[in-house]
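Take a look at this one chain, the form predicted on its own, written out in structure tokens.
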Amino acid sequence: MTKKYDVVIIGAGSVGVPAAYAMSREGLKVAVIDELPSTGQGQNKKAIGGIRATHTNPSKILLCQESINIVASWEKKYGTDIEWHQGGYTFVAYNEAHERLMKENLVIQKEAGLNINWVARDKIIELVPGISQEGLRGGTYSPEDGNSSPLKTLHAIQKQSVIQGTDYFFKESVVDIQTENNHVKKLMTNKGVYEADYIINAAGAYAKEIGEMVGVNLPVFPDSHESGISEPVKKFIDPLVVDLRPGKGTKNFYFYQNEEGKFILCLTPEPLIPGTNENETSVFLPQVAQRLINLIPRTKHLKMRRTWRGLYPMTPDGSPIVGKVHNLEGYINAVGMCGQGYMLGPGLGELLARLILEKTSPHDERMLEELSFYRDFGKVEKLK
């Protein structure tokens, strides 16, 4: 029997679930399909939880501002603790090039209305007690950014979307999408058939395969990143800290200390590791441990609990691909989050709802143009 919906979303992850919440809240009949057993079992549960609006792409700034507003007010609105903590972000500078880059980015960020400033080294030492002071020049600090639990957040949003009428179908794999007269008509899974006015591709690392079903060649190519979590120790660092310096096998390094006192650590490997292999390696832990000890020597006796590996669905310019495509009515991209799906998801869900309901503002139209499938992918964001 064919199931009929206004919108079918492929992917119950960081983008698909907030989109379902936003759309069902507006009265749309929504279905979410995922091949995994439950919400957030793909890359969402592997995110470290940071949410910042301090990007240099204007669209990402706007989307993440909306995400922060949604996440920061969630507990007050719905009574569910998602572990939101507004501890801010600080990018630390140890060389002239990084100081110059950060100060150049401040111009764009302040024009977008962000609360972010360059702060002197003494302020960085106050924000990050025990940080290595040799060569420290200062850094940027954005106090309104923060972090929360990716899995708790997604489950809370899913719960509310179900209350609003969203249907979730797990353990279902999309096998085909039928089109007729340049309009999507039916979506077939291994278990059923769905009709919808709109089909949203929010399939994360596997978005390219979904695009191919409707003849859309998406430039989304996953690579893998590893993360780790430590034992709990008394909390002494509030913001999420980013060190842009390269190291042996690493392009940069970032971490925060959660409310339980555990350090959550991540880095960008250099060179990147393309593909969809999610098995953790023996390389990551020595790399990330050395990075942390070099930056904050007092952590040298910290014990690590576990490590894991997740996928970043990358685009050529490091920004998502969002919106409709030419000559195919009813198909919408929400793909290529480049490892930032958790922080972009809530804001992006609201944008997608406005797009389907034809309630987009001039700001929305500019965002959709910047994130279009047809944009120039050669313009890479300065600081992803």
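One rule holds for the numbers: they count along the sequence shown, beginning at 1. These numbers were taken from a predicted model, which means no experiment stands behind them.
Although it is not shown, the form predicted in complex with a small molecule is what the next lines describe.
- Listed residues 94, 308, 221, 118 were compared with the small molecule in the predicted complex; 308 is the one with a heavy atom within 4.5 Å.
- This chain is displayed alone, yet in the predicted complex one of 74, 263, 141, 312 has a heavy atom within 4.5 Å of the small molecule; that residue is 312.
- Heavy atoms within 4.5 Å of the small molecule in the predicted complex map, among the stretches 370-378, 19-27, 357-365, 6-14, onto 6-14 alone.
- Contact between residue 63 and the small molecule in the predicted complex is not found at the 4.5 Å heavy atom cutoff.
- In the predicted complex, no heavy atom of residue 137 sits within 4.5 Å of the small molecule.
- Residue contact with the small molecule in the predicted complex: residue 323 places no heavy atom within 4.5 Å of it.
- The small molecule in the predicted complex is approached by residue 33, whose closest heavy atom lies within 4.5 angstroms of it.
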